[in-house]
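Here's a solo chain for you in structure tokens, the form predicted on its own.
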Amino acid sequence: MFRTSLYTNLTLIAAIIVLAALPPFLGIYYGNLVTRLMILGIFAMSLDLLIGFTGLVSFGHAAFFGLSGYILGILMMDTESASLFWVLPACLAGTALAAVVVGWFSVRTSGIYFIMITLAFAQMMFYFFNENTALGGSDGMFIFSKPTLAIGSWNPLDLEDHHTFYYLTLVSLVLSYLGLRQLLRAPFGQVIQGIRANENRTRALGYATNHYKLVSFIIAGTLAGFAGFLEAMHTSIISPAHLGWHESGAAMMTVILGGMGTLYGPVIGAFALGFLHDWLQDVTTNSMLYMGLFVIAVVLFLPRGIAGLPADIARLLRRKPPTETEDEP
């Protein structure tokens, strides 16, 4: 059963407070960097729901991430102002519909076949947008304005402001985590974790495992679409690269690096990889080489990811040294 300790909860609360206090001390560059890492954290959490809790390894998860951004770009193409109250539901509904179609076929397979069919669907979407000149082709498309939160003539939040969008992303990250945590504590969450542990036994208990896997796939795909929506709003551009297999691979690496089956671990992984990559770009021209070595080291020496490091250290400190015994004559 998914659970978090008091120490973990306090640490997460402290991290949220730090993130909330950072904007006045960050310049535009690092403010945008932290915002993007929080968005990638939401994306990685959605993949963790599949990999870490349902046991479904999807290599095409970025399809929903990029698709939502394209839906936003299409909706904003012929207008300078649109309400967030209908643009966001439209993007999520389109992404959820795509997840229903992809998931309906995918959950009927398992193992390597599941990986390949999700990758195949993602590549189909990639090439559709890559060859579509009306949507910018391989160059992608620009989004020249952001949706507004205006209610009549009253606009409580200006999403064009960097700090406002930062806090919107932070609230989205926190709500996404809390929502997934409650979902996993509910009976539905216990069933999908049972599927991951032993699908045959879960099916023998009377659960329609394919239905549960499909619902989990739809929820994960829709949350990935929400992250893609935020990403498109943040960068004001969407391209086929957002749907590519390498984007799915990067998200999977983030989940493994941070710690599968924790929800907060993938967020830690997103920040670790993001800041490491930013620092290495400043000090060396071989940044990807050292990032690869870092990932290999974490996988070899931290099998539970960065999130499991405190528990591993505590376990080592609690371990008693071996007692010496005298040899019998």
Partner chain sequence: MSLATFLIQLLNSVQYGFLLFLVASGLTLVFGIMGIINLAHGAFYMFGAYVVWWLFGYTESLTLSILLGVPLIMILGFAIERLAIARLYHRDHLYQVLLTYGLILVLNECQKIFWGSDFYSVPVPELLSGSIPLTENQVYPVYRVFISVVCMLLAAGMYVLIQKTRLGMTIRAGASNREMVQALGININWVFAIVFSLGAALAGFAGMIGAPISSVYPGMGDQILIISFVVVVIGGIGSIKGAFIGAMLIGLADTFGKVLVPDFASMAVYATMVVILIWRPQGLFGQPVH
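Residue numbers count along the first chain shown, from 1. No experiment lies behind these values; they were computed from the predicted model shown.
If you look for the form predicted in complex with its partner chain, you will not find it shown, but the lines that follow are about it.
Contact with its partner chain in the predicted complex, judged as any non-hydrogen atom within 4.5 angstroms, is confined among 60 to 68, 294 to 302, 264 to 272, 22 to 30 to 294 to 302. The candidate spot formed by Thr109, Ile115 and Trp245 lies fully in contact with its partner chain in the predicted complex, as each residue has a heavy atom within 4.5 Å of it. Residue-level contacts in the predicted complex: of Ala250, Ala90, Ala150, Ile237, one residue has a heavy atom within 4.5 Å of its partner chain, and it is Ala250. This chain is displayed alone, yet in the predicted complex one of Phe188, Phe142, Phe121, Tyr207 has a heavy atom within 4.5 Å of its partner chain; that residue is Phe121. A residue is said to contact a partner when one of its heavy atoms sits within 4.5 Å of a partner heavy atom; Tyr167 fails this definition for its partner chain in the predicted complex, lying far away. Interface residue remark: Ile192 is not counted as part of the site for its partner chain in the predicted complex, having no heavy atom within 4.5 Å.
Contact check for Phe128: a non-hydrogen atom falls within 4.5 Å of its partner chain in the predicted complex. Remark: Leu184 does not count among the residues lining its partner chain in the predicted complex, judged by a heavy atom distance of 4.5 Å or less.
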